[in-house]
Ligand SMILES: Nc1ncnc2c1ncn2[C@@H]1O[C@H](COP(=O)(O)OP(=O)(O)OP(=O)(O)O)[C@@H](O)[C@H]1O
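Coming up is one lone chain in structure tokens, specifically the form predicted on its own.
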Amino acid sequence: MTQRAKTGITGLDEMLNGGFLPGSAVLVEGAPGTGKTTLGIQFLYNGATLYDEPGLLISFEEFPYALYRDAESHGWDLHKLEDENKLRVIFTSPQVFLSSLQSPVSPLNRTILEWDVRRIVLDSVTHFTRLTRNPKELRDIYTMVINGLKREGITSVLTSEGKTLGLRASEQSRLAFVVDAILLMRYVEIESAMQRAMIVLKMRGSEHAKEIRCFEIRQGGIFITDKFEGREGLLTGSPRRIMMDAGVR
């Protein structure tokens, strides 16, 4: 079996048949507040502390102090990992990131080589849409970013905001075409209470769980728990109970 890039997130590696394929590009997509950034930081923290895989967190929207604070609330000391050259948090713009990725002598590429970076999180790729309105150019940008990271054998997590399957159907289809895996995180209303749901929509080159699972965010990060049983229409935002006894819905 191929060695996997394990997330170390309770329940997620099981859904991924052992973890992400190494060197793959993973789109983590969901509405604001569903836990995309938390998943990304947890992936990097566990990589550095459990699997000896240094990582980079590239933020296009949150200042580093906010990321350190949020990580601290889960018991993750990012400052300590930075001091040990196991993690670096970089706040930048999409334009600067693209230029750095293309330049072999940029500080970004020097860090990747010198630290032997194995994991990267881009939070979020939504901001690349500010660079162009041309669909072909946007797809070329996505391809350039993903190929640049794959060239170094890095497993990358790209967060993206959206309500269901993308910011816009056209944009999501362009991004979905070039990534290797897609995780969807979203809110669902069950019995007048909001819950969080996760599903693996795509995982190129690997089997994966097909069911929708519930997850919680608490001290220590994300914990994936049970399957949603006896419900349908979860991804539409209007879940319905399956009436097994009457045979009707």
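Just count from 1 along the sequence shown to find any residue number. Worth saying up front: this structure is predicted, and the values here are computed from it rather than measured.
The same protein also exists as the form predicted together with the ligand; that form is not shown, yet it is the one meant from here on.
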query: Contact at R4, T7 and N46 by the ligand in the model of the complex, all three, heavy atom at most 4.5 Å; finding: no
query: Heavy atom within 4.5 Å of the ligand in the model of the complex - the one residue of N147, S73, S93, N134 that qualifies; finding: S73
query: Answer option from I217, A209, L201, I190, heavy atom within 4.5 Å of the ligand in the model of the complex; finding: I217
query: Residue stretch of 176-184, 35-43, 201-209, 51-59 approaching the ligand in the model of the complex, non-hydrogen atom distance within 4.5 Å; finding: 35-43
query: Touches the ligand in the model of the complex: R196 (any heavy atom, 4.5 Å); finding: yes
query: Distance check, D140 to the ligand in the model of the complex, heavy atom within 4.5 Å; finding: no
query: Contact label in the model of the complex: D77 to the ligand, heavy atom within 4.5 Å; finding: no
query: Exercise: E152 in contact with the ligand in the model of the complex, heavy atom 4.5 Å; finding: no
